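First structure 1, then structure 2: two forms of the same chain, each alone, as structure tokens.
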Structure 1
Amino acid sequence: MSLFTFAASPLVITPTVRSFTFSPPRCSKQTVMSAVRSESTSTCPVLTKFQKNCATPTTFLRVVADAIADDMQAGLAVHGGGDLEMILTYVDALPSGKEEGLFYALDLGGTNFRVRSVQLGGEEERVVATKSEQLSIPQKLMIGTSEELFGFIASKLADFVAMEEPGRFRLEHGRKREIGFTFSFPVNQTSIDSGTLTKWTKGFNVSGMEGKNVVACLNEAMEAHGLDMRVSALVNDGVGTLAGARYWDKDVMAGVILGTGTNACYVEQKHAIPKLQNQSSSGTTIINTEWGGFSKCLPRTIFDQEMDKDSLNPGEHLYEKMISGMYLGEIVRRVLLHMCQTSDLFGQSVPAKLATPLTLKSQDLCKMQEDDTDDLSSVGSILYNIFEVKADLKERRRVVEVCDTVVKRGGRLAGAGIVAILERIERETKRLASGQRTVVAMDGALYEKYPQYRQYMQDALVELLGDELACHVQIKHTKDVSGLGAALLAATNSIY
């Protein structure tokens, strides 16, 4: 696990430093390398129109942040009140550091599945030992049956436990192995250890699972594999990130994921949640916003609309489809295809691979944007390798402009979302106004591996919050901390 801490030094971003603190006076603009600056203007009519439609000036981002805030309020008032589900997670107590014992984390939420064991040694020793294993989920399981998916998970878990080194990991006598299950899809949580899937996202579409208790599915599969383990906490990856980061840093108030999918979870005051009704209204609890479902006033182009129509979850998670890693490459591909069909981009005929969905990934966009050679040679080779086209310099430049337009829009919209969360926290706590450091724990490959995206996100954040407040915000890159968070929440909610 890598946690980066920073003194209040001027904001400098390098590709290897992914956490930052905002310090006034703002230092000169970005240090991120980019083949195309956002100011560049195009002479291609399709591109010019696309750029215009994707524009996100500060005034517009303010409208977006306010609309997200309104939907947060509506979702806190009543179940289904707004686009954001504002799910009650039943996590009222975050890790204190005193947790002890052996706990496990299972993480299902993207293309990979992870299992981790954590031996906790209390306040002094903290994490005594940890071991993890990551496996990719075969594509067919993402769209198969729940028995197949959970059977696969249980069998890998059984292998993992069978390989445990008794010297390093010690289960107390008479106890079952307890698991924190990170399930990174929208769940209607009914208690800390149960919840029903509301819908699939991120390319998953396992049949017959919507409305089912995901913990019961896992329990059945574990039983079938002879595994005597117990799920003590069901958590979202955003919640896991918040909890894991809070273990090391008491100022963490939110967990944000910018990866294949996206989400934000934060610490809310219970008295500010009208839908809690009969429950105790003192103290705090964690809200899983499921902000990917936000849909109002977004700058959606025809390319976004068509991509959504062809997706596995049409009409759902529209904000996610503009800002997260799974979709950025596909939007760019669709724009390029249109430019190719309506102008002479890439010659007279349409290359077959350009017409094939999902061929372009956000990593490819990043590599193209980072190309600082005079002739954009890596842009040329990426286009050749993926689409089998020989692009001249003018075409390469256009392609990078399209990438920049999509990534700038995504990063800036993500920044507006983070501001909505920070302002919500601020409303109740006045932390920033009183000069208190406020940390957003951040995870996800898009954020980690795309410097230009990060830069656009930061720019938007400072533009909207202003230097005075932004200088107390730290965005802390907390890679893979959600597994630790889930194991800690299993400890906090242990039955023993």
Structure 2
Amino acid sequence: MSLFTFAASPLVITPTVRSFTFSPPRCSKQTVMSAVRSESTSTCPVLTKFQKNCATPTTFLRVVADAIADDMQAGLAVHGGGDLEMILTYVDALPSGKEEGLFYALDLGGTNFRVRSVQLGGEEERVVATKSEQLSIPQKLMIGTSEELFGFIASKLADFVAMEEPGRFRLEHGRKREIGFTFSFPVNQTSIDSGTLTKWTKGFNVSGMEGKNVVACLNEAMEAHGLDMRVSALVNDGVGTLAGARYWDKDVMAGVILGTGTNACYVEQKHAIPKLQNQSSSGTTIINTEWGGFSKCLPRTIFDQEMDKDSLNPGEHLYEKMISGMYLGEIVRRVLLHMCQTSDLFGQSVPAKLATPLTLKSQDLCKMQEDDTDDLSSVGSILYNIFEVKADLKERRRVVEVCDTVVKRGGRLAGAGIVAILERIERETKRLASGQRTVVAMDGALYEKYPQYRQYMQDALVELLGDELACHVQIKHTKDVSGLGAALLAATNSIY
């Protein structure tokens, strides 16, 4: 049953999915259908066992949320204290709305990178003008040298700056251009504008980079290309999302990414961070939780274990492998394959394409769950197009049950993680107890495009927080706001 209404977001970037806040219960057709499917009793032994092993009742979610909270505390106490790294971002000043001038953002986190320019006009005008461009990185540079990769990026940055319209974008005389660098790879950050690469991921394997300061590499490349620009802030996409959303809404206290991968960050009180040691303990800072690495008390099945064993990083990021978009379809595929091998699902033979890893995507699951036709025709089409399977109605219903089981588990576990962060914030601030609104900025295609996943996540939040506290929480979809956030953090950390 839905406990949320949707209200238009005040963000200047219009979200595709609107915000939700807590309200008296209402019931939608979609929610009823989803609930009926997830609670149906299967006559297939494999599916029945799988559903039982994936169950996430409220009492179990409370155990998960408490375990995440314990790991958060352990990670704040000492480096490597728990599964969650709780990385210091050195973002001690968040956007105030008073920022003025021309600033830039560079987002490098995959096979594409995005460049953005933002002209800020202070409290009255806010964002005066903005322009962005997305560019592809040639495959050979992803496995080349650091000089080649950053040289290519710097050259494209120089081209981007050269194409600026003088009337819209104005750099104050005598000032160097400043940029916020979103670098979504594992980094050991040592200050707001420096950090060393821990390891490459996402298909990158650039030589001579591990242990190097990534900011220095970009600064040197920009200088070599005659670009008078410096990196003022090194951030990740979660921090950028929090900062960008905070610019428009002072009650934003956390940023969560739920897409192909997942991560979360939040505003922490410095005095509550033991590992800061001799540094100033006044004020606040943003903590990057790296919550995908959580591994305790998760409802892992044999299918999760086998998928993890076959992954590029076995034994790592177990929470991420249960809640993020990259893995949901693969878990469903493995369950369906096993059902074919042990029962008569899809007939006497096992479809050859069903044995191919990573063929089923989270968007396929969403389309199947949204199918409200009497004969589940969309489910039938998807199964035929991907696996060349001609499924009857009974088989289509079984497939939808598997999808719903995996998505319900993922959404509810994600909800437990958000509650752990909200309760951590509440412990230090008592915002919710005093009736103060607390906003979680959310981005990522999984959250944006998968309504059933969102609903299960929302249900878990209500169950764990309770109505009295939940009514002061708002989850706000902030699509593509991380680039603005990176530019804003360049402004707040300007040398001028």
Ligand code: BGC
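The model shown is predicted, which means the values in this text are computed figures rather than measured ones. What we label the rigid core is the largest C-alpha set whose atoms superpose within 1.5 Å from one form to the other. Structure 1's sequence is the ruler for residue numbers, which start at 1.
> Structure 1 or 2: which one is the form predicted alone?
It is the second structure (the form predicted alone) rather than the first.
> Taking the rigid core as the frame, does Gly75 move its C-alpha by 2 Å or more between structures 1 and 2?
Comparing the forms between structures 1 and 2, which are aligned on their rigid core, Gly75 does not shift its C-alpha by 2 Å or more.
> At a 2 Å cut-off on C-alpha positions, does Gly174 qualify as shifted between structures 1 and 2 after fitting the rigid core?
Yes.
> For a quick test of reading the superposition: does Gln277 move by 2 Å or more at the CA between structures 1 and 2, rigid core aligned?
Gln277: C-alpha displaced by less than 2 Å between structures 1 and 2.
> Asn112: how large is its C-alpha shift between structures 1 and 2, with the rigid core as the superposition reference, in Å?
Its C-alpha moves by 4.5 Å once the cores are overlaid.
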